[in-house]
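Next up: just one chain, as structure tokens, the form predicted alone.
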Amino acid sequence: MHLTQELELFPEYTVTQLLFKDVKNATELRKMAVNGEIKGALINPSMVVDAFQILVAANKAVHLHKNGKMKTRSLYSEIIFNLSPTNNISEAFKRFGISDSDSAVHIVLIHNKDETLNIEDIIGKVDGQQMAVDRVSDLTDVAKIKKLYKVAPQEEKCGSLLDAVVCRMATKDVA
């Protein structure tokens, strides 16, 4: 149900993704994340095309963290910021973070290989139904994503929506 992957460039780190639908306690989860009770990024899955998109954002966050170049205060907020095509931090949180009214949540955890991660503890905090991470596209709002990332119809003829999104995420820092 969850997806755990090693970061190629940082093999000492792993990224674990969990996906939930029919969530009834989004307000409490958001408060727990703000207070540090959940050490993870809580993402609105309607803005996620594929788990690879999250992996790209997490990889970039770890890279910036290790180089002391993060634009936000924590590794997890940096993941949310890296999903955005713009450099506006508050806008990124509005669009990609969860809100109190959300009924689905995509949780992203980054941990050292040496650390033991208690996934069951995090699953227990979510009042919702866990689903396989590779089914995130079931919750995707394609129209909203195309509008936010400004994906043109011609672009979709030669590549996928995921390609367009990841390309914009990767190049937003290039001026």
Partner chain sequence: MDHSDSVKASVPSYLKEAQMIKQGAEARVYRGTFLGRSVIIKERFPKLYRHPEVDEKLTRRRTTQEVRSILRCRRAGINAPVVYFVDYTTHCIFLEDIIHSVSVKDHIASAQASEQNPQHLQTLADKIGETLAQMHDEDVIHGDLTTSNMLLVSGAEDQNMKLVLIDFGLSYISALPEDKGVDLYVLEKAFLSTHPKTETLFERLLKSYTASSKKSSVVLKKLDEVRLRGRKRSMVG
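Residue numbers count along the first chain shown, from 1. All values derive from a computational prediction rather than experimental measurement.
What comes next is about the form predicted together with its partner chain, which does not appear here.
Undergrad: Picking from 41-49, 28-36, 129-137, 65-73, which part of the chain touches its partner chain in the predicted complex when contact means heavy atoms within 4.5 Å?
TA: This holds for exactly one stretch, 65-73.
Undergrad: Given that its partner chain is not shown alongside this chain, does E12 nevertheless sit within 4.5 Å of it in the predicted complex, heavy atom to heavy atom?
TA: Yes, E12 lies within 4.5 Å of its partner chain in the predicted complex.
Undergrad: Any chance I145 has a heavy atom within 4.5 Å of its partner chain in the predicted complex?
TA: Because no heavy atom of I145 falls inside 4.5 Å of its partner chain in the predicted complex, the answer is no.
Undergrad: T171: heavy atom within 4.5 Å of its partner chain in the predicted complex?
TA: Contact with its partner chain, yes.
Undergrad: Is there a non-hydrogen atom of L55 within 4.5 angstroms of a non-hydrogen atom of its partner chain in the predicted complex?
TA: Result yes; L55 sits at the interface with its partner chain in the predicted complex.
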